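Just the one chain here, the form predicted alone, laid out as structure tokens.
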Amino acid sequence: MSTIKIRAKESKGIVTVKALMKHPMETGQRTNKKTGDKFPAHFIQEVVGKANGEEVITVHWGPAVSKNPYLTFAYSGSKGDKLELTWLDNQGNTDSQISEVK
């Protein structure tokens, strides 16, 4: 099951993309009240968006981004574009989702 939900809609040659990513986005600063240890940092570092295989956006994030981040962006495109969104976190985990522009 993918951790990414994408909605992409075209209007007048501009595609607006809305994406929700399910991820804990742990900063590494929070303390476990039971053990006193800090929770290890676990956050998305990079998000890449491609339309028909061509990169349209690259986002670099740090630990200050909230849990389950929401990303919206726009690019010049058309209905039927194959949109792929991929994230990579600081622990080497990755996920990807492909959607068609409506």
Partner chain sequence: MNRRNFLKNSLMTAATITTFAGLLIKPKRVFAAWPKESFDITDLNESIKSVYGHNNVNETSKIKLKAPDIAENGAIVPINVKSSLNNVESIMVFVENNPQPLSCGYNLTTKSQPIIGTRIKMGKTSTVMAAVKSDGKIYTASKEVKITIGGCGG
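Positions refer to the first chain, counted from 1. Everything numeric here is computed off the predicted structure, so don't read it as measured data.
Keep in mind that the form predicted together with its partner chain is not shown, yet the notes after this line are about it.
Student: Three residues, Thr3, Ala8 and Val101; all within 4.5 Å of its partner chain in the model of the complex via heavy atoms?
Tutor: Not one of the three qualifies.
Student: Please check if Gly62 has a heavy atom lying within 4.5 Å of any heavy atom of its partner chain in the model of the complex.
Tutor: It does: once its partner chain is placed as it appears in the model of the complex, Gly62 has a heavy atom within 4.5 Å of it.
Student: Consider Ala41 of the chain shown here, and say whether it contacts its partner chain in the model of the complex, taking contact as heavy atoms within 4.5 Å.
Tutor: Because no heavy atom of Ala41 falls inside 4.5 Å of its partner chain in the model of the complex, the answer is no.
Student: For Leu83, is any heavy atom within 4.5 Å of its partner chain in the model of the complex, or not?
Tutor: Although its partner chain is absent here, Leu83 would stay clear of it in the model of the complex, with no heavy atoms inside 4.5 Å.
Student: Does any part of Lys33 reach within 4.5 Å of its partner chain in the model of the complex? Heavy atoms only, please.
Tutor: Yes, contact at 4.5 Å.
Student: Judged by heavy atom distances of 4.5 Å or less, which residues of 69-84 approach its partner chain in the model of the complex?
Tutor: Residues within 4.5 Å: Tyr70, Leu71, Thr72, Phe73, Ala74, Tyr75, Ser76.
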